[in-house]
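In the block that follows, a single chain appears as structure tokens, in the form predicted alone.
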């Protein structure tokens, strides 16, 4: 039992269950299956982006342009749909564009050696500017989108929206990627000790480039899902959402210094924020308290991460002294 509770993911899962139980005491309908499925579906974009951000952070980088990538890909998808482009091509274009935008970040970090935070802060602004240029500052509204474009993420299969199934499939894919592939192991190696990774034959820059490309492709997918679900596209869509994505990773135990993290942690970190954002308004708590609670959770997560790293260092030193 102690070993289970010492697991960051188990502890976070228990906290989420306690939160849901506490909220249900005041609002019993919150634990209804349909409502919980709705919370999962609402949190799906955050989970998808958190998974992409996770692989970037694992390699000791960060992607602050993820929300701007989402917005640009979503706007391009909406404009292509307005031109009559078939839906499969629209989705492929959104994912492909996201991958290209992520690759641009990766190349700048890899080939020019620019710090990731500087690169992605710059491209974040550039991507928002491109949205304004291609849309001329106008919104694309529901009546300008086809029914098929809007209907895909909202369609249901076995009682769950298609967007939730897409999220489940991506989570399963990431489990395989991280646990079963050489690329997944190289993410940890690069973030844990870049010098040692080089000696094992891993190309650090290329691994970081691939991580940014994966993050961008997921942002492109979420861009389509977001715009189609809410049936609107505009310049400032998902503005500030990149902070929620980073927060989900930090709360989920992804080491901001790289080299440590799990798929379950990223998903649970996103679910934690999703439950807060869905539940607190229902029970009448001010949005300002939501921000305070989210911020407190992030600070607590950082403290726990720091304590975990400190304990590991002491154990190594003690082992060395005994030897």
Partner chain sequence: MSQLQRAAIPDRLNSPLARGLKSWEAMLLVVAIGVFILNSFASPYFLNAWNLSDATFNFTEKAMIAFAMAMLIVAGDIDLSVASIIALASTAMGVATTFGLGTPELVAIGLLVGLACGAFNGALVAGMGLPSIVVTIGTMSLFRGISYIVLGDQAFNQYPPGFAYFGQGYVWWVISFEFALFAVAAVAFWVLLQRTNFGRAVYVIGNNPTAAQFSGIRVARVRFILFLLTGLMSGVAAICLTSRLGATRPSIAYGWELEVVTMVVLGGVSILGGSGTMLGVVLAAFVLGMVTFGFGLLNVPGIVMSIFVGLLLIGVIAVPRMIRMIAKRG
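It should be emphasised that the depicted structure is a prediction, and the values quoted were computed from it without experimental measurement. Numbering follows the first chain given and starts at 1.
FYI, the form predicted in complex with the partner chain isn't displayed, but the following is about it.
J.: Among the candidate residues 122, 86, 151, 82, which is the single one with a non-hydrogen atom no more than 4.5 Å from the partner chain in the predicted complex?
T.: Checked against the cut-off, the match is 122.
J.: Out of 235, 202, 210, 170, which one falls within 4.5 Å of the partner chain in the predicted complex, going by heavy atoms?
T.: It is 235.
J.: So, a 4.5 angstroms cut-off on heavy atom distances: do all three of 92, 160 and 182 pass it with respect to the partner chain in the predicted complex?
T.: No, none of the three is in contact.
J.: So in the predicted complex, is the partner chain close enough to residue 126 to count as touching (4.5 Å, heavy atoms)?
T.: Residue-level check for residue 126: yes, a contact with the partner chain.
J.: Check residue 142 for me: does it contact the partner chain in the predicted complex (non-hydrogen atoms, 4.5 angstroms)?
T.: No.
J.: Please run the contact check for residue 303 against the partner chain in the predicted complex: heavy atoms, 4.5 angstroms, yes or no?
T.: Yes.
J.: Flag residue 256 as yes or no: does it have a non-hydrogen atom within 4.5 angstroms of any non-hydrogen atom of the partner chain in the predicted complex?
T.: Yes - in the predicted complex, heavy atoms of residue 256 and the partner chain come within 4.5 Å of each other.
J.: At 4.5 Å between heavy atoms, only one of the stretches 171-179, 143-151, 212-220, 128-136 reaches the partner chain in the predicted complex; which one is it?
T.: Result for this chain: 128-136.
J.: Going through 204-228 from first to last, which residues have a non-hydrogen atom within 4.5 Å of the partner chain in the predicted complex?
T.: Contacts from 204-228: none.
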